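Here we start with a single chain on its own, the form predicted on its own, put down as structure tokens.
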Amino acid sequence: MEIKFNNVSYTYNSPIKKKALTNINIEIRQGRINGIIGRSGSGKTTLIELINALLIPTVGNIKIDDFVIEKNKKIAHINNLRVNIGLVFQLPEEQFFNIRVKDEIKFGMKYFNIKPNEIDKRCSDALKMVGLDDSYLNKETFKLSSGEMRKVAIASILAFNPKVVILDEPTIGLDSNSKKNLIYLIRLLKTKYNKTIILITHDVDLLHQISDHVFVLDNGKIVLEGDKYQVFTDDRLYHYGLEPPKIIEFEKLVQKNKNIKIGYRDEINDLIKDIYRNA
């Protein structure tokens, strides 16, 4: 889906007036992993809630294919928009409505009129995609660990097969193995299923590893944008309260101290191979 912000600003009116976003003009890359980073309070969560029409711009508009999200304009057939934009919140319990896992995953599918004879299979398939088996179907949602809750939240979105998947801090509460599996899943959603991924995280190392395009927010404004190498090698990151990924810092250090330019790599194993080649 084409997602384009046109001069978008958003102001919260309660309990006090606070401008969260100012004059945002960006286009989300279709079929790519789009990273959004910025320090706390920079406007990241507000931005993604605008995409799903949970919030409406105070100024400007957002065009998503044939839909236009703007102030004082009712969105016709809004469910046709939301069924294609799956949003996983930072705190999974905020999006849960049901006691049992199976009912939680089914909830969205019933809401979006998925055919009844498809629902059970979609539940199982979605759980498998996030590394959980059918034994979780009858477990109590709010008795799961934080990592399991996050996986169920992602499964409940994948079950209705949206074109766009938005993940807000998806690695919180995950152990290293679960994080590795999540990275594999995100890449699979992009490469095999041609999903557009929007990933919000403070984990710059994760974004460097898997993202294609990165937007940096600061004080409600887009201050940097480009492919991940452009953004993560830009010294202005420090000014916006962010540090570059560790692998980028190491590569810069090698070039500075040893005068060896080994190039930028996504994976540490590829970097080690380059070091051996230049040793």
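Keep in mind that this is a model prediction, so the values were computed, not measured. In this text, residue numbers run from 1 along the sequence as written.
The form predicted in complex with a small molecule exists for this protein as well; it is not shown, and the discussion that follows is about that form.
Residue contact check for G43: one or more of its heavy atoms lie within 4.5 Å of the small molecule in the model of the complex. With a 4.5 Å cutoff on heavy atoms, R39 counts as touching the small molecule in the model of the complex. When the small molecule is considered in the model of the complex, I24 lies well away from it, no heavy atom lying within 4.5 Å.
Stretch 44 to 52 is the contacting one of 26 to 34, 239 to 247, 62 to 70, 44 to 52, since its residues have non-hydrogen atoms within 4.5 Å of the small molecule in the model of the complex.
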